[in-house]
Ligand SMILES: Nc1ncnc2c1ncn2[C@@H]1O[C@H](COP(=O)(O)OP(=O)(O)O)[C@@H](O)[C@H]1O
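First, one chain by itself: the form predicted alone, in structure tokens.
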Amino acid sequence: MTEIIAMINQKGGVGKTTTATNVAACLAALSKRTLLIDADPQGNSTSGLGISKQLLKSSFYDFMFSDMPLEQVVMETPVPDLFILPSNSDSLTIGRELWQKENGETYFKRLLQTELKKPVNNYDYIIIDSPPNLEMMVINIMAAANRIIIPTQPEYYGLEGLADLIETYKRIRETINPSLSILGVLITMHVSTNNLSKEVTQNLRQNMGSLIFDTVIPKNVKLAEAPSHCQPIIMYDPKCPGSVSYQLVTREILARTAK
């Protein structure tokens, strides 16, 4: 069975795309056939893997609304065993169009489940990079996923947003996806010498316990540089602290999903 993991946070700039791209690449590097779905109209996961958003023949939008089979839209990436369903600004209208669909909250789930029944779409993991909001597309993503990972910065505004997100998660479980679970909360952009980072991290561990991944992702120059070189960090600089951290958290993900 394919494990579908969505990166969710309504707050922008928390490392959601960085996490989606690099976890997907690390899974593929461990010989897990992985599909990265770029569901964010900004298309940063797409461009970060060296794919031109302007030159796409088809995109996530076409998969959603043009009856295009998944395998026809999916593209190979520079990482063996890593594939991407790319996105661009065409996806900006998806949320509005979903409101017009009958049972629109589960439209993406039904579409994806149908496609995953085909042998050609046999993936071990699907990682979904979500838009930075809690609107209709994100509701669809949470309906389709088995689990979510919540990347969050160690700052107090991040804690407020985390509380709101968990309430939304609970409502999704109660209504349209009772099997959804939180795989973990991932602390990103951590600065070990910063008292606020240490204080918020400690607060999160005290209040959320084992939901917090053991690994934290440091604020790291190489991580910030890698997308401009169109590479995940495991290819750009495999031994830098950011790369080592993403490799470690990917091992935690494998353990938590027992694969």
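Please read these numbers as outputs of a predicted model, since none were measured by experiment. Each residue number is its position in the shown sequence, starting from 1.
The discussion below concerns the form predicted together with this ligand, not included here.
The stretch that touches this ligand in the predicted complex, counting heavy atoms within 4.5 Å, is 212-220, out of 47-55, 64-72, 212-220, 23-31. Though the partner is left out of this view, A224 does reach within 4.5 Å of this ligand in the predicted complex, counting heavy atoms only. Taking non-hydrogen atoms only, V14 approaches this ligand to within 4.5 angstroms in the predicted complex. This ligand is not shown here, and in the predicted complex it never comes within 4.5 Å of any heavy atom of L112. This ligand is not shown here, and in the predicted complex it never comes within 4.5 Å of any heavy atom of L98.
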